[in-house]
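Just the one chain here, laid out as structure tokens, in the form predicted alone.
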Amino acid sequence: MPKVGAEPIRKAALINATIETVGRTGSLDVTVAQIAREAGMSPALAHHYFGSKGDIFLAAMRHILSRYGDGVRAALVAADGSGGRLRGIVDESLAGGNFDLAAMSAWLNFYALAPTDPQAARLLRVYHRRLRSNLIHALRPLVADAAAEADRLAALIDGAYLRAVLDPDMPPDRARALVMDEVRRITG
């Protein structure tokens, strides 16, 4: 007999295991069995809850994006003025759980998956549009061409992820500091 209330707990465990497993290996070249083992359950149960490895990974990215969105909303509520809004958005983009090795590896693989997977492409478009919209809103009172500056900052954020994951001479704190230097330049 199934345990009542176990499904959300098991799904969360599989999502966290996916992020950790992808983070540890640095690629999507993992099996459902590896993910399930990390979560402490059988591959059959993982397939029961998600269907396929791709579905598990997309659920993990939705989780990361949801956590990121919650953090940005909290930063915007706490922000003081446009400069504070901008700092909050960029800081949350490069903060804690969004910028640890496992999450960064998941992001990198998410970007690699998007050109070939329509669901991943849609999620990535939603993320890009929301980030750009939030940045433009914060930048309008600060710069003449808020759209161009938003695109520049979004590219710097993406670049910080790439450098932090791929360049052993660029630790995450240094990559983050470079982007925050640009924010300080804009906000004066």
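For the two forms, the rigid core is made up of the largest set of C-alpha atoms that agree within 1.5 Å on superposition. Don't overthink the numbering: it's just position in the shown sequence, from 1. As the structure is a computational prediction, the values presented were derived from the model and not from experiment.
One more form of this protein exists, namely the form predicted in complex with a further copy of the same chain; it is left out here, but the text below deals with it.
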Practice task
Check each of Arg37, His47, Arg140, Arg163 and return the one that places a heavy atom within 4.5 angstroms of a further copy of the same chain in the model of the complex.
Solution key: Arg163
Practice task
Decide whether Asn109 counts as a contact residue for a further copy of the same chain in the model of the complex under a heavy atom distance cut-off of 4.5 Å.
Solution key: yes
Exercise for the section: Examine Asp167 and determine whether its closest non-hydrogen atom to a further copy of the same chain in the model of the complex is within 4.5 angstroms. Expected result: yes
Practice task
May I ask you to check whether Pro118 falls inside a 4.5 Å heavy atom distance of a further copy of the same chain in the model of the complex?
Solution key: no
Exercise for the section: Considering only heavy atoms, tell me if Ala154 and a further copy of the same chain come within 4.5 Å of each other in the model of the complex. Expected result: yes
Exercise for the section: Kindly indicate whether Gly26, Arg129 and Gly159 are, all three, within 4.5 angstroms of a further copy of the same chain in the model of the complex, using heavy atoms. Expected result: yes
Handout entry: Post core alignment: Arg163 C-alpha displaced by 2 Å or more between the shown form and the other one
Key = yes
Practice task
Inspect the rigid-core superposition and answer whether the C-alpha of Trp107 shifts by 2 angstroms or more between the shown form and the other one.
Solution key: no
